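In structure tokens, the next block holds one chain alone, the form predicted on its own.
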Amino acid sequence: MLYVLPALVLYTLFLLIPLGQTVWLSFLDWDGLTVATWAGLDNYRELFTDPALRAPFVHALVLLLFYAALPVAIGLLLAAALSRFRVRGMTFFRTVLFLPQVLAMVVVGVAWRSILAPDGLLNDVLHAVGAGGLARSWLGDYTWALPAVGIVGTWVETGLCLVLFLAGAQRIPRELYEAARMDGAGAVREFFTVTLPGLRGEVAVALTLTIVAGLRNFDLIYITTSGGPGNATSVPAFEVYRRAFEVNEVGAAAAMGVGLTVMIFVLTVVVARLVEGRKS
């Protein structure tokens, strides 16, 4: 017990107590300056009934397609291909793909904001190849702003998934691949019968990490779009900041923060149940 006591004290001071204070604030009507009044469940009721408060959660779920589903799918395909064929310069290839993970998200946001600007690199390339009709203000377009931010998330998270899967693929016995090939398995059957079952644990870790990264996304949104145009790219973490520090609706911000915490907890438990549960 004494060994875990320091960690337990820090965990209580920096996580459990702030979480308890946030839950308490979510039951108050407070602007951060004057005396707070009891609001009961009103803040949570608005969370379910106010479209402006529901929209950030919908946007977060859409972003999970780009932050979690696409990186895991691309990482699995690349890991399967790289484990089947010998590629020269594998270390360089792996380093380049993992590079976005070591960059500060502010740097990533500033770089991609420049690339996706109306006079940015992407539109210049489209004009150069004769597809100028597709050029647009990617981050200022109501339809394309959210997918554009999502593509940046895919670029960031794919390297992490690939490194996890490549490390896991090295643990898969080569005899399994040889046995599958002797049975006449092609690349697709080999992937579904050997590679994918062997990487089940890594898939669970990758999904958990990318889902959490997608749901707590704040800095990329703040740097690239500030939730705009309108609220087309607003996500829960950004909306918590905006309501707490710009609109002075601390109670509503706290309720949204609690909702985001519950959402992350539920999704990570579901992933663990679906992927790791079958393994056990």
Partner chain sequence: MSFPRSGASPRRRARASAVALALGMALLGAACVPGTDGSGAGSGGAGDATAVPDPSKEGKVTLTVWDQEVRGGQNAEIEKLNKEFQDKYPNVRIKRVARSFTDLKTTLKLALSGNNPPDVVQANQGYADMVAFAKAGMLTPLDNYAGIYGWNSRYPNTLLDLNRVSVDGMNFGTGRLYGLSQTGEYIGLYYNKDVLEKAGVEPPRTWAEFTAALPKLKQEGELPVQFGNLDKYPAIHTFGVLQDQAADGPGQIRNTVLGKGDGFDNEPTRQAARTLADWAENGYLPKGANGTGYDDAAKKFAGGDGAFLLTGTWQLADLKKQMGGKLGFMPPPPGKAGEPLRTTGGQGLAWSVTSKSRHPDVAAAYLEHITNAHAAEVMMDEGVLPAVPGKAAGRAPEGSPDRQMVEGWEQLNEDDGMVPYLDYTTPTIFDTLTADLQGLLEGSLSPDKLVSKMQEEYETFREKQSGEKADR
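Numbering follows the first chain given and starts at 1. Only a predicted model underlies this, so the values are computations on that prediction, with no experimental measurement involved.
Not pictured, yet referred to below: the form predicted together with the partner chain.
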| task | Consider Phe48 of the chain shown here, and say whether it contacts the partner chain in the predicted bound form, taking contact as heavy atoms within 4.5 Å. | result | no
| Does the partner chain come within 4.5 Å of any heavy atom of Val58 in the predicted bound form? | no
| Can you check whether Arg113 is within 4.5 Å of the partner chain in the predicted bound form, heavy atom basis? | yes
| query | Does at least one non-hydrogen atom of Trp24 fall within 4.5 angstroms of the partner chain in the predicted bound form? | reply | yes
| message | Please identify, from 65-73, 251-259, 40-48, 225-233, the stretch that has a heavy atom within 4.5 Å of the partner chain in the predicted bound form. | response | 225-233
| request: Check each of Gly168, Gly140, Pro147, Pro100 and return the one that places a heavy atom within 4.5 angstroms of the partner chain in the predicted bound form. | output: Gly140
| said: Please identify the residue among Gly89, Pro173, Gly186, Gly201 with any heavy atom within 4.5 Å of the partner chain in the predicted bound form. | reply: Gly201
| request: Select from 15-35 the residues with a non-hydrogen atom within 4.5 Å of the partner chain in the predicted bound form and write them out in sequence order. | output: Leu16, Ile17, Gly20, Gln21, Trp24, Leu25, Leu28, Trp30, Asp31, Gly32, Leu33, Thr34, Val35
